[in-house]
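Only one chain is included here, represented as structure tokens and corresponding to the form predicted on its own.
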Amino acid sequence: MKKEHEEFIDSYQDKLSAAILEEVKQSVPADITKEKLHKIMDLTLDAYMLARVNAGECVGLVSAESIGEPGTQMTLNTFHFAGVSEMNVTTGLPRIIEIFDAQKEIKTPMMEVYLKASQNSLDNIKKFALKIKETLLGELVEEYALNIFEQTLRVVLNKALLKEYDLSTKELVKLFKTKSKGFTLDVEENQLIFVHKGKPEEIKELYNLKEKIRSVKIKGLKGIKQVLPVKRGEEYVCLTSGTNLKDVLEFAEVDAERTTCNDINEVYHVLGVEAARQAIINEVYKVIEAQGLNIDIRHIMLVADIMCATGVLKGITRYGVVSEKASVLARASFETPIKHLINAALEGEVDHLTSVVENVMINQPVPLGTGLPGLVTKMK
């Protein structure tokens, strides 16, 4: 692009946002004439001015209605992946509540893990799926044999599964050396034999050991219960039941830019508040689209902004966003009113009635729309 064209676009800096100017620079062809560029900039400015909210427009109320009204038509359901018991997806209203409340424990945590283009083949995705799935010893065992007289616990392993997971009994011995204090460990072909060193009376130790070793993690990432490789268009994606975003992103073959996780809190802790804001918008929009509803993205963006405005992720609950409101009456109108009123009385708080809810409560015009300007007339 010519230098004079760039300078002309930059002259709109005080009227248009930097992101829009940048987009115009990217989209405009290099050999454009000056007249055409003038016209484009004028049209852009007109469109921008039309998109802006009027002063005194109650955006919060409009957003609340725009999300709440279609929300009443949402069906309450859980989507089910056929054939895999752990893979469910919460959708509809329960999922929206989960996101807006910023719940710490969500019902169906999931991740979509993309591999880099060079790694994206069926063999690689299968290997990767086995690599990240959390494998416990209990899954590989064919039988446990307790011998009370010899005080031994014999664990027979499934050969086919050991081969599939690319494990050898030697590797398992290393793992269990630290976990089985007070026992000597012998190995036969595909068996681990734990021999108790203590007195014969302490038979309970053997039972305890059996329960303990069943839940020992052998390989994979903590929390990832199931992995399902699926084909989307030309590439393969790993869907996981359970999340562990931090550890997944450390793999060299993972495409960190596209890998996502549906647990907003986890995204916030791993990638920060900006990523959490984007995740809220994406997740809510996904639910709305699946339900076939039509809500303007800007309403969702407003909610996401409010949840992340302080730099910390807060849910829209009495412990989150609502607890930070400056107005006592606004806090009391949400939940647990008596608690708020008593605390305010004890601290001697003053409410200046600057916002909407407080004025509605005491029957005054709301400082929005036509209630914003005051009328002053001179009386004769």
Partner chain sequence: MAFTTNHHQLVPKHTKLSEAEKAKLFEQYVVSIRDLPKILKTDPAVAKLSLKSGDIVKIERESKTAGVSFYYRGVIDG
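Just so we're on the same page, rigid core means the largest C-alpha set that superposes within 1.5 Å between forms. Model, not experiment: these values are computed from the prediction. Numbering follows the first chain given and starts at 1.
The form predicted together with the partner chain is left out here; the points below concern that form.
Although the partner is absent here, Ala279 lies within 4.5 Å of the partner chain in the predicted complex, judged by heavy atoms. Among heavy atoms of Ile32, none comes within 4.5 Å of the partner chain in the predicted complex. Under a 4.5 angstroms non-hydrogen atom cutoff, the partner chain in the predicted complex has Gly311 among its neighbouring residues. A residue is said to contact a partner when one of its heavy atoms sits within 4.5 Å of a partner heavy atom; Ser11 fails this definition for the partner chain in the predicted complex, lying far away.
Of the candidate stretches 236-244, 186-194, 259-267, 123-131, only 259-267 has residues with heavy atoms within 4.5 Å of the partner chain in the predicted complex. Remark: none of the three candidate residues (Phe100, Met110 and Leu293) comes within 4.5 Å of the partner chain in the predicted complex, counting heavy atoms only. When the partner chain is considered in the predicted complex, only one residue from Asp166, Glu250, Glu150, Glu211 comes within 4.5 Å through any heavy atom, namely Glu250. Taking a 4.5 Å heavy atom cutoff to the partner chain in the predicted complex, the contact residue among Leu146, Leu271, Leu162, Val141 is Leu271. Put the two forms on the same core and the Cα of Tyr48 is off by 2 Å or more between this form and the one not shown.
Between the C-alpha atoms of Thr310 and Ala19, a gap widened by no less than 3 Å is obtained in the predicted complex, as opposed to the form on display. Between the C-alpha atoms of Tyr268 and Ala19, a gap widened by no less than 3 Å is obtained in the predicted complex, as opposed to the form on display.
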